[in-house]
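Quick heads-up: it's one chain on its own, the form predicted alone, in structure tokens.
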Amino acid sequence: MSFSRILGQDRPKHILKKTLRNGCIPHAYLFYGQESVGKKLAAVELAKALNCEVSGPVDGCDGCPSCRKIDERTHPDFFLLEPEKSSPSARDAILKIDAIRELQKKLIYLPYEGQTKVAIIDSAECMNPQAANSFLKTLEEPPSKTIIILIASNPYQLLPTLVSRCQSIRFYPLAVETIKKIITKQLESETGDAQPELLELRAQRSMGQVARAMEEDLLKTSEYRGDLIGLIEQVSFKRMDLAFQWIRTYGRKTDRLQSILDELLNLVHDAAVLKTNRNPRAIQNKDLTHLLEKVANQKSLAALLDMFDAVHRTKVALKYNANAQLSLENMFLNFCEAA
């Protein structure tokens, strides 16, 4: 059945199934939670259930013409709007007002083929202010026989008036075992081989996100972990040479710097977890537990939290095009003060 395709996310699935059984479907939903945990898949499966010719409107069958057309994105009553870059060199993709207005025109009419029009706006927080204000009118006066689903990883970036007009459903990070099941299927279909040791590493360090588990950089940046743990452990005002050496080596890798800082953030997080509850099962880098326990024994919790904050602020600064070398030097000065 359709909803069974969604692995994990038991609570969101329960809410949606109960709503479909009762027939009390709101005119607008907000599916929110971190990226790549099944929000868009759930929205598509809801659209299939509402229009399924066999099992609808309680579930989808995956086999009828309506379900197949929605899967293929060719159903005349199904609309999926995603952010686009204004040019190949643009840094961020956005949802422009022209795309929103085009969608609004399509929603005016009654369903052409199915029972319910379904409009999904992925990454809704990427709407520019003009687009968001324009779409607010649609939520205030929703078209008949139409369900609107906003998907957001950062719902706090949406207009509060948009959020207040939707029924919100939170999606949580996926469990490690769920991630392993999902990526096993993907890797077997893509390469025909899913190596158990790589599966375990990907799943443990995925942060509950399928896309992160599948990233090639996840394996490449894992090679830096030993050096990063050494920095956490050794950098001080007496050993600033280690920081400058690291900056010379990695500071120019601007295309991968965010990924490397993500690794650093995760390692500091794991050391702090071990410091507080000594539970190796609660950390992401389980294969390096022996090294992280050494850091946890050496550093105070306050120092680890200060380091975590310093890395996070550096990531944000670099995202907004701050000078990489100066940002990294400032981060390591904070490391020294924490030490």
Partner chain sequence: MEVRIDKDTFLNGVQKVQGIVETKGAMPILSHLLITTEKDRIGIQATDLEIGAKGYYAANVISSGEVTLNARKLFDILRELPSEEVHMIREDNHWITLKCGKSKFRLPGMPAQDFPPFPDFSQDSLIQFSSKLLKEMIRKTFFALSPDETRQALNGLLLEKENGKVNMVGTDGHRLAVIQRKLEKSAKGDKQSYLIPKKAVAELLKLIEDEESSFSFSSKNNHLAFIHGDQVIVSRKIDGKFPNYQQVIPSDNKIQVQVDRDVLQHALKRVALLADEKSKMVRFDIQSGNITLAADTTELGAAREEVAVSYSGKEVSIGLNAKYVLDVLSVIDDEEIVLNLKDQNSSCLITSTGDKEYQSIVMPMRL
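It should be emphasised that the depicted structure is a prediction, and the values quoted were computed from it without experimental measurement. Numbering follows the first chain given and starts at 1.
Below, we refer to the form predicted together with its partner chain, which is not included among the displayed structures.
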Report task. Spell out, yes or no, whether the shortest heavy atom distance between Pro129 and its partner chain in the predicted complex is within 4.5 Å. Result -> no
Query raised in the report: With the partner left out of view, is Lys106 within 4.5 angstroms of its partner chain in the predicted complex by any non-hydrogen atom?
Result: yes
Query raised in the report: Tyr112 near its partner chain in the predicted complex, any heavy atom under 4.5 Å?
Result: yes
Query raised in the report: Can any non-hydrogen atom of Ser86 be found within 4.5 angstroms of its partner chain in the predicted complex?
Result: no
Requested in this report: May I ask you to choose, among Pro173, Gly251, Pro143, Gly230, the residue with a heavy atom within 4.5 Å of its partner chain in the predicted complex?
Outcome: Pro143
Report summary line: None of Gly226, Pro160, Pro196, Pro76 but one has a heavy atom within 4.5 Å of its partner chain in the predicted complex; the exception is Pro76
Report task. Select, from the options 309-317, 35-43, 66-74, 294-302, the stretch whose residues sit within 4.5 angstroms of its partner chain in the predicted complex by heavy atom distance. Result -> 66-74
